[in-house]
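Just the one chain here, laid out as structure tokens, in the form predicted on its own.
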């Protein structure tokens, strides 16, 4: 395989991060015919992956040995940076590093420029869709970076996602992901408040949700979160409030970094930060409903 060739099966791929998203995404790559080797700093995560039939190593260096592509699926950009710093000297020239975490766009750009200067290709390709769509390989993937590098990684991305969007320069994938989650979080908070107001006035929550879903207030949260999780108080989506708060803050900080006024983003970021402080980092993101309704 040449350095410019697309990465097709049975190429070796290292997946760094075997959490709730990393395990099923790695499984999709295996199903597509890739030789996948996983690594996670937590032995429990490695063991869970091995129990499902995957292959894991005790060190990240062992995982990336001979890999055509290295995928990072980690909590934030600082952890991605630390992981890459630990393996970058072991990457063969032309390896494609694909950061599928939720990282800060500006930090991603800096890290990517360093790797590219060292002869390693780099793109950011965060995802949206949650664990369910990670399992069935139907994620939405937002890919930022050099077009030729995305071309090489595209077969890998298609093994995990149904919709792949080329968002622009390096870091734009992470920017798009953060902005999407900001819009999603704002819609969820607004819907929860609307249901609380309607309930106080005498409108049954389920009835108001039906109205919203048949009207212009319809959004992902009204369709997929209110009746399913918020109203019955079943906080089990698998996506944490802390991660949502981080993504919203990333979007808000990006606005300030590039000089764009975003007063609503400021307010939404502050709201979710407050919820995380009160409910704790392990709370599910739909528990924003519990946080907001407790204020009424």
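Please read these numbers as outputs of a predicted model, since none were measured by experiment. Residue numbers count along the first chain shown, from 1.
Not on display, but discussed next: the form predicted together with nicotinamide-adenine-dinucleotide.
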{"query": "Contact stretch among 165-173, 195-203, 213-221, 127-135 - heavy atom within 4.5 Å of nicotinamide-adenine-dinucleotide in the predicted bound form", "finding": "127-135"}
{"query": "4.5 Å heavy atom contact, residue 102 to nicotinamide-adenine-dinucleotide in the predicted bound form", "finding": "yes"}
{"query": "In the predicted bound form, residue 143 touching nicotinamide-adenine-dinucleotide (heavy atom, 4.5 Å)", "finding": "no"}
{"query": "Close approach of residue 21 to nicotinamide-adenine-dinucleotide in the predicted bound form, 4.5 Å, heavy atom", "finding": "yes"}
{"query": "4.5 Å heavy atom contact, residue 252 to nicotinamide-adenine-dinucleotide in the predicted bound form", "finding": "no"}
{"query": "183, 190, 79, 116 - the one with a heavy atom within 4.5 Å of nicotinamide-adenine-dinucleotide in the predicted bound form", "finding": "79"}
{"query": "Of 228, 41, 35, 57, the one that lies within 4.5 Å of nicotinamide-adenine-dinucleotide in the predicted bound form (heavy atoms)", "finding": "41"}
{"query": "Contacts with nicotinamide-adenine-dinucleotide in the predicted bound form - residues in 217-249 whose heavy atoms fall within 4.5 Å", "finding": "238, 239, 243, 246, 247"}
